[in-house]
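Below: one protein chain in two forms, given as C-alpha cells, structure 1 then structure 2.
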Structure 1
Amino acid sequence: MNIIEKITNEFDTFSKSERKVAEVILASPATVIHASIASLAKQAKISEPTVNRFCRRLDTKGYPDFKLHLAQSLANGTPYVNRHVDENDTAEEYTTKIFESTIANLEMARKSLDTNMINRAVDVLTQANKISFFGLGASAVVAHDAQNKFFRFNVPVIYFDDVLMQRMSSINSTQGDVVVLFSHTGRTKPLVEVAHIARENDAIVIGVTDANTPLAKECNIVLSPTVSEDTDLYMPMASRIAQLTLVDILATGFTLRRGSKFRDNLKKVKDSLRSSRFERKE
C-alpha cells in the first residue's frame, strides 16, 4: 500500500539505475512530488525512461500516477514507516524505528477494524454473566491485561493462560457466558478447541484474531486488528499492541454503555489503591 515502504522493501531487487532513483526518492520524497520526470532523472543521473520504468515496476500507471501515490504516502501520518531494524543500528536508531513501525501498525489496525463488530462485541460483553479471557504465549499477555481491565467493572472475570484450565473452564460455561479468545495467528490448536467447546456449551465466543482462520470460524464475533506481520525478530510486537488497544476500546465501550453511575464505581476501585502508594508531595 504505502509506496515508500514498498520502495524500501523491494530495494534489493532493483537494478543499478533503479536504485539510484530509489535513493533520490527516499532521500527527500517531499521534493520529488513537485519535480518533473526530467528533473528527477537528472538528479538521479539516469535517463527519463528509466524513471518511467521504475514507476511501472512499482505498479503505478506512470510517473504522474507514481507521484500521486508518493504524495499519499507522505500524507499518511507517519512518513518513514515500518523501516526494518538493521544489524548495525544504534540505540537511537532502533528506538525510533520500533516506535515508528508500532505507530504505523496501529494506523493500519485502526483502518482494518469493523466498528459494527466492536459494537456487537460491546453489546454482548455488557450483557454477560461471566467473561473469560484466554490466550497463549504473547496473547496470554493480552488476556491478562483484559482481565485487569474488566475486573474493575465488578463483573465476574476469568483469565487463564493454561490450556487445561481454559478447557475445563469452557466446559463449565453456560448461556449468558462470554469467552474472549486472543490469538494473532488464529491457528493455535488448543485455542481453537477451547472455542469449539465453549460454543457447544452455549457461550458466546468472541475471537480477537485474523479473519478466515480456523479460530475465526469457531467464533460468533470476530475482531481482526490487522497489522503487517512482525517478522523482524521472530517476536510478536505490533500485533499484541494492536490487540491491547482493542481491549482498551472494548473496555471503553463497556463503561460508556453502562452509564455514568457505573463510572463512579471505577473511581472507587482506583481510590482503593491509594493507601498502597507513597504520597505525592506537591
Structure 2
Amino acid sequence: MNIIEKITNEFDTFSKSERKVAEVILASPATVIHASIASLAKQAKISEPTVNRFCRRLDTKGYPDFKLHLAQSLANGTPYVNRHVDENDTAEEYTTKIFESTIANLEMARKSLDTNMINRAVDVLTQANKISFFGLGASAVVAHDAQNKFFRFNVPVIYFDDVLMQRMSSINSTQGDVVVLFSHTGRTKPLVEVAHIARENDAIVIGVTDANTPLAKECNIVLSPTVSEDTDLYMPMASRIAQLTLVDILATGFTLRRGSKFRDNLKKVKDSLRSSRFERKE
C-alpha cells in the first residue's frame, strides 16, 4: 500500500479536518516520519484524535503504523539501487533514506513473523545431526553468516554457495539432518530443486522466504519476514538485513534452548579468542 498515492487519490473525499492533515503530510512526508502525533496535530491545527481517525481511515492501525507505511512510500526511487533513493539525492539524503527504509522494513518484518514457526525451527535445529545453510547471490552472504554463527555450537555445519555442491550435499542428506535455505523471492529455480532433493532424502527443510512461493511449497517450515522490496528491480538491501536478523534470532533461540552448560562452553570458545586480539585501550 502506497500511503502517499492513497492520500492523493482520496483527498477530495476527506472531511475539512482530514484535508488539513493530508496537506501537512503531502507538503513534507519525510518530516512527518519523525514527527510525534502531537506535533502533526499542532501543524495541522487539529486534535490528536482526529489524526488517529485519519490514520485508521487509511487502513492503518494508528499513527505509528501510519508512519511505518509512509516511510515505505516516500518514492519509487532509482531501479537497481534502492526504491527510496532519487537520482539527485545528496549523500545526506540517500544515507537518511536508506536507514529509514531499513528500520521501517525491519519493524514490518518483526510484526509479520510467526513466533510459533520460529519456535518450531529452533526445536528442529537443536535436535539436528547436521545443519546445512544454502543461499545464492545476496542470500549466500546470509547463509555464510549463519554458518559462522552455528559453527561454534559444536554441531556439524555445512555452507555452500555453489549450486552443484548444494545439490550433492542435499542428495547425501538423511533423516535427522536440517537444510536451511535463504531466498527473498522464493523463485530461484536451483534452490527450489535443492529443497525438493533434500526432502526426498528425508531431511527437514527450513525456508527463509516469502510464504506464497515455489520454494515455500517445498519446505517443512517457512519463516517469512515480510519486506516490501522488489529485488528484481532493486539491489537487495532491507531484505538481506531482515534475513541476517532472523539468523541472530535462531542462533539465540538455539543457545537458550541448550541451557546454561552449553552457554558455559560458548564462553570458553570466546575466551580462547582473546589472545588473538590486542588489549582494549581505556
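Take the two forms, find the largest set of C-alpha atoms that superpose within 1.5 Å, and that set is the rigid core. Treat the numbers as computed from the prediction; the structure is a model and nothing was measured. Quick note, the numbers are simply positions in structure 1, starting from 1.
Student: Pick one: which structure is the form predicted alone?
Tutor: Structure 2 is the one predicted alone.
Student: Using the rigid core as the reference frame, would you say L58 shifts its C-alpha by 2 Å or more between structure 1 and structure 2?
Tutor: Yes.
Student: After the core is matched up, is the C-alpha of T252 off by 2 Å or more between structure 1 and structure 2?
Tutor: No.
Student: Superposed on the rigid core, does the Cα of K217 end up 2 angstroms or more away between structure 1 and structure 2?
Tutor: K217 C-alpha, core-superposed: shift of less than 2 Å.
Student: If the core is used for the superposition, what shift in Å does the C-alpha of I37 show between structure 1 and structure 2?
Tutor: Reported C-alpha shift between structure 1 and structure 2: 16.8 Å at I37.
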